Ligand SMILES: C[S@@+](CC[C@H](N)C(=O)[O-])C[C@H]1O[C@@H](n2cnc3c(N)ncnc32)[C@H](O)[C@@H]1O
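One chain is shown next in structure tokens, namely the form predicted alone.
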Amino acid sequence: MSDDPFVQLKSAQREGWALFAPLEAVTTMPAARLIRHARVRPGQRVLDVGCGTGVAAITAARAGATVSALDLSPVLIAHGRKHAELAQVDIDFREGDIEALPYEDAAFDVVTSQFGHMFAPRPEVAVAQMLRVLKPGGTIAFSTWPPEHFVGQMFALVGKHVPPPPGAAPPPQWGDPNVVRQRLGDAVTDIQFERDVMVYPTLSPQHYRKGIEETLGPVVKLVAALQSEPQKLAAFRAELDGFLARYFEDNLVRQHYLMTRATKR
């Protein structure tokens, strides 16, 4: 029997995020920005955690790095392997948990995560694992959603209807530079932040909402939970559509994000 108190949460995440693949197109350009931000160079050993369908991992491999990639979802890992084969790059994809990384200490020159590690319920465990497998002098770099911008606010809206289990940290906290500094602590030096915008083309707020109901783990879970309560589901959808309308312009939803880079001592 596992002693992990978040087994049930991770099982739900594994199931919910399995539907993420259609969203990979909009994360492809931010993946290139992250790999550039991380200063990945040919010959480096890179680990991408919460790799999803492998967009950042493949970008790093095409930059000449030797890449390993890990995700909780076997479905997304399967997508990643197909993408790597098509791109003609060799990546070691593994199914696994960021809170228990299956790699040796100091195995990598760079550890990255694009909107992935932020969903680990215990930030202190995720940070300890990412830094454990990183060499001294190596780079940790990740992209996250700030709590004050669109995606962070959307997760807060979803969280009103399906609160996280006790003890699980809200993912958008990882988008606050002050929180990032505190979590990385004295284990790193030279913390650098950079902001950018991910653009999501869509025909209407309702089109966007329908898309994330079918692909975005926490929203998929919420809609499934409300299927037996049609009035509550309709109220949630109306609230979400109204929220989305504030960010919709020129058939686009602009999603601001934060990139972090630091050097392990």
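Computed from a predicted model, the values in this text were never measured in an experiment. Numbers for residues come from their place in the sequence shown, where the first is 1.
As for the form predicted together with this ligand, it is not shown, yet the points below apply to it.
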Ala38, Thr59 and Ala84: each with a heavy atom within 4.5 Å of this ligand in the predicted bound form?
-> no
Contact with this ligand in the predicted bound form, heavy atom within 4.5 Å, among Leu222, Ala65, Leu240, Leu70 goes to Leu70
With the partner left out of view, is Trp17 within 4.5 angstroms of this ligand in the predicted bound form by any non-hydrogen atom?
-> yes
Taking 4.5 angstroms as the cut-off for heavy atoms, does Gly116 touch this ligand in the predicted bound form?
-> yes
Any non-hydrogen atom of Gln255 within 4.5 angstroms of this ligand in the predicted bound form | no
Any chance Leu47 has a heavy atom within 4.5 Å of this ligand in the predicted bound form?
-> no
Among 163 to 171, 93 to 101, 127 to 135, 185 to 193, which stretch sits within 4.5 Å of this ligand in the predicted bound form, heavy atoms only?
-> 93 to 101
Taking this ligand in the predicted bound form, which residues of 39 to 66 have any heavy atom within 4.5 Å of it?
-> Gly50, Cys51, Gly52, Val55
